[in-house]
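Only one chain is included here, represented as structure tokens and corresponding to the form predicted on its own.
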Amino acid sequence: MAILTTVGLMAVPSFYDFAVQYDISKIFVLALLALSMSFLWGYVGILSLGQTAMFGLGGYVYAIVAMNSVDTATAALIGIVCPTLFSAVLGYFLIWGRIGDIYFSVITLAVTLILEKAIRATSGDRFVIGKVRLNGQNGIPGVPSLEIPWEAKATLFIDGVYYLTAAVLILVYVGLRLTLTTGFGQVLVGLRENRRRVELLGYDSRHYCLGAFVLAGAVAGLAGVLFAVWGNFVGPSLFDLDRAAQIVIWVIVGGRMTLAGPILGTALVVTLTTWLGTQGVGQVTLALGAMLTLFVLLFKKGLLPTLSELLSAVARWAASRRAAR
């Protein structure tokens, strides 16, 4: 299935123009952000509302480093490392302090809000890092795209960004799936089901939860770097609380206890949001809230698990009909 999906995604540029590729690339990047949430929330049981903080840090660090005459590959690496380290420090204090689940979500949301307000307050001329002005709420335009190593002074165009984001999404998805099959991943799932029992078996839950939080932060930071490459722009909206809420909607709609579900949920919600915007619907947020309520009431497990159960039921019914003949 994964091979067929990969082949299908890589064939898209042969049939669609740059505008479609550009829009789909954005969905891939946001789906990567949703993956970081679904891994942490759906498989470990930790609801972190700070994934947008790591997302924004990745984008801003990449933009600042790349625009200070550092090659873009190195800038991308630094853009991933910084939110990873930030996740490690933040996670250490929260997890080693044994903060309750509710307070964990509130504190990570507060961290996101603090970073957003801090970025918006950098509109003065004195807020310069190297050669780059932060520009406050106006953001940083002209962020360079990734350079192509085998072509001098050439950067990725729209189709190149499409292939890159698609490949990264597939690799991260496969990597997280493989992680869940390891001993580390199995302990994480056990912590979600019954943390006390896992601890009685001799596992220190703090090490595993911190590892999962850092891994999710790295994935979110990677998504932030790719978002900066995709849009050639970073701004405070990367830390926006609306985006933090949207991630929760994407994951719930697709199915938080799956990895493929949030990818589907992201594609559906982002596409619907864009369509509602083009139709002149003023209350897009209200429509998204209604969708979330509908899915919570009718599809408690999310769209993908519900469809999977429905197809399984149909297959069993068809098998029983054949056996009765």
Partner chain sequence: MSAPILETRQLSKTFGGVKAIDRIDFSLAPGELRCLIGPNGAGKSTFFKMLTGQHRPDGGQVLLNGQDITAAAAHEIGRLGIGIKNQIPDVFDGLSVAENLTLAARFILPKAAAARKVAEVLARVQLEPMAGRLVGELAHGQRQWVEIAMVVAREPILVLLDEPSAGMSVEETARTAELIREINREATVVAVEHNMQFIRSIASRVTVFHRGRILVEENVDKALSDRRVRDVYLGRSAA
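Being a predicted model, the structure only gives us computed values, none of them experimental. Numbering follows the first chain given and starts at 1.
Heads up, the form predicted together with its partner chain isn't pictured, but that's what we're talking about next.
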### Message
Among the candidate stretches 199 to 207, 113 to 121, 231 to 239, 140 to 148, which one is within 4.5 Å of its partner chain in the predicted complex when only heavy atoms are counted?
### Response
199 to 207
### Query
Using heavy atoms and a 4.5 Å limit, would one call G211 a contact residue for its partner chain in the predicted complex?
no
### Message
Since only the chain is shown here, I'm wondering whether G190 would be in contact with its partner chain in the predicted complex (any heavy atom pair within 4.5 Å).
### Response
yes
### Query
Taking the shortest heavy atom distance, is T74 within 4.5 Å of its partner chain in the predicted complex?
no
### Query
Though only this chain appears here, would G100 touch its partner chain in the predicted complex if you measure heavy atom gaps against 4.5 Å?
no
